[in-house]
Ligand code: GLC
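Have a look below at one chain only, the form predicted on its own, in structure tokens format.
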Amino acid sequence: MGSEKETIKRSLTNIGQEDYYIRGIEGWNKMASPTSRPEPALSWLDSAIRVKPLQLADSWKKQQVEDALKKIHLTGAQVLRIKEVFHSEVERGIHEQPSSLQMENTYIPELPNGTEEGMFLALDLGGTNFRVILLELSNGALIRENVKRYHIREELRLGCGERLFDFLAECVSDFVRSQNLGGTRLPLGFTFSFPMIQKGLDVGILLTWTKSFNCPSVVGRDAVQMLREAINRRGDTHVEVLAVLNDTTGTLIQGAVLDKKTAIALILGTGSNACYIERADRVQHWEGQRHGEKEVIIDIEWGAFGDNGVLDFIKTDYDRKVDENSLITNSFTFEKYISGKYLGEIVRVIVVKLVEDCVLFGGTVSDALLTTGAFTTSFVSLIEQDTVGNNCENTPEILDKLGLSYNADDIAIMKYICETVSNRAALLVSICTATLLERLDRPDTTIAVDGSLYKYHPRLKSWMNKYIHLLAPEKKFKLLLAEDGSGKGAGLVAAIALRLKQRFSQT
């Protein structure tokens, strides 16, 4: 078996082209291609990714629940097909062919190297509250950090774009003066956590607003240029906007400071995204002059994975209902399977269906349960804590809040639903992460992760470790919590941008 193992160092993405193998408890197992009949190894994968069976004395009720959740459970064949599809979408996107993945070039060709020195600003815009941050670095290490938060009123978030950016410039000015740095040149990294097209390290064209923002005059314009113009209109600081990025890219940069092996970053919070370090020669979209870059960070924008229909084979009626209830339908397909904004809503939709079928809560629903968004993902995490701890501390309290009458079977079913939906999310994230790992020619990779779902769900990390190992068995990796990439990461990108600017000016 040892000699066979040596010959099987091929990617699981070679689906349909040749046999492929998976490492299990008993060693290496040959697996069937998705186009052939399932073989024992594929059955083993089925069992490896499945949650524990529901334990109920009532066999009818048990069968009803299992039937209702059957399509939420991914099969081994589906897992491998998703892996193949994601690999294909990555390849198409990186070569500027039609793809649901944006594969955006960030134009960041290197990571912090320990030479970063001086004071840098970060502006973190992604919600109703935003931050201005001062970072002081010495030999690449953070020696001082000052932060001030500002609230953006609704009329600014929904009105004229120039007024919004004038307000941002006003807050930057207020912060700089509060730090007694009015006469100091301050490079700034701008975390702009909205879909954009980057045409350079300091050029970000807004594609569309999300969250609670809608300033139509900004769409199609360069957010960096608008911020620069607003700062220049004031003329009371020496702030220079050198880079634009999103929180995912910032997480990779922050992760690289904590661990130099970092090459992938994930956001698993209210929303979800991923980025990774790609070989520069593979990247087709590159505006402006190249300077011999070997690598560059690619922002995948994987929340939209499947918007073109390539994941419809796993879409359930529950997912369709969640999409119908969402703010923007037929978009952010992958995010609606995996992110903190939607996991609770998936559970709610399933629960309502089971109540209508008289399987849960005696067939009696509450007004709260019928309210879109009432069952939050924090409820999912709390119920999962009960499952992990083998107790019922949180579930009854949540059901009480929702105005529901329940018994022991209802609690067991609620736990099972939350586990099943959570497991599918963990598996989907792991499939794509394993595909990225296989894309990297690295012996050992650290994956930086941030986001409330990752931090507070009690077993998302353990599931991810299990499934990534399962799907990329030849790759050594570790998951690393890297918090505040949108803040510290943005300041570090400003430092990198300054270094690049100085280097290029000398050539």
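As the structure is a computational prediction, the values presented were derived from the model and not from experiment. Rigid core here is just the name for the largest C-alpha set that superposes within 1.5 Å across the two forms. The first residue of the sequence shown is number 1, and the count goes up from there.
Quick note: we don't show the form predicted together with the named molecule, though the next part is all about it.
Of the listed positions (165, 416, 107, 332), a single one reaches within 4.5 angstroms of the named molecule by any non-hydrogen atom in the model of the complex, namely 332. With the partner omitted here, the residue from 99, 210, 75, 179 that has a non-hydrogen atom within 4.5 angstroms of the named molecule in the model of the complex is 210. Here the chain stands by itself, but in the model of the complex one stretch of 67-75, 245-253, 289-297, 315-323, 245-253, has heavy atoms within 4.5 Å of the named molecule. Under a 4.5 angstroms non-hydrogen atom cutoff, the named molecule in the model of the complex has residue 194 among its neighbouring residues. Proximity of residue 422 to the named molecule in the model of the complex: non-hydrogen atoms within 4.5 Å are absent; the residue sits far from the partner. Heavy atoms of residue 267 reach within 4.5 Å of the named molecule in the model of the complex, making it an interface residue.
The shortest heavy atom separation between residue 301 and the named molecule in the model of the complex is within 4.5 Å. Taking a 4.5 Å heavy atom cutoff to the named molecule in the model of the complex, the contacting residues in 258-288 are 267, 271, 272, 273. Relative to the superposed core, residue 127 undergoes a C-alpha shift of no less than 2 Å between this form and the one not shown.
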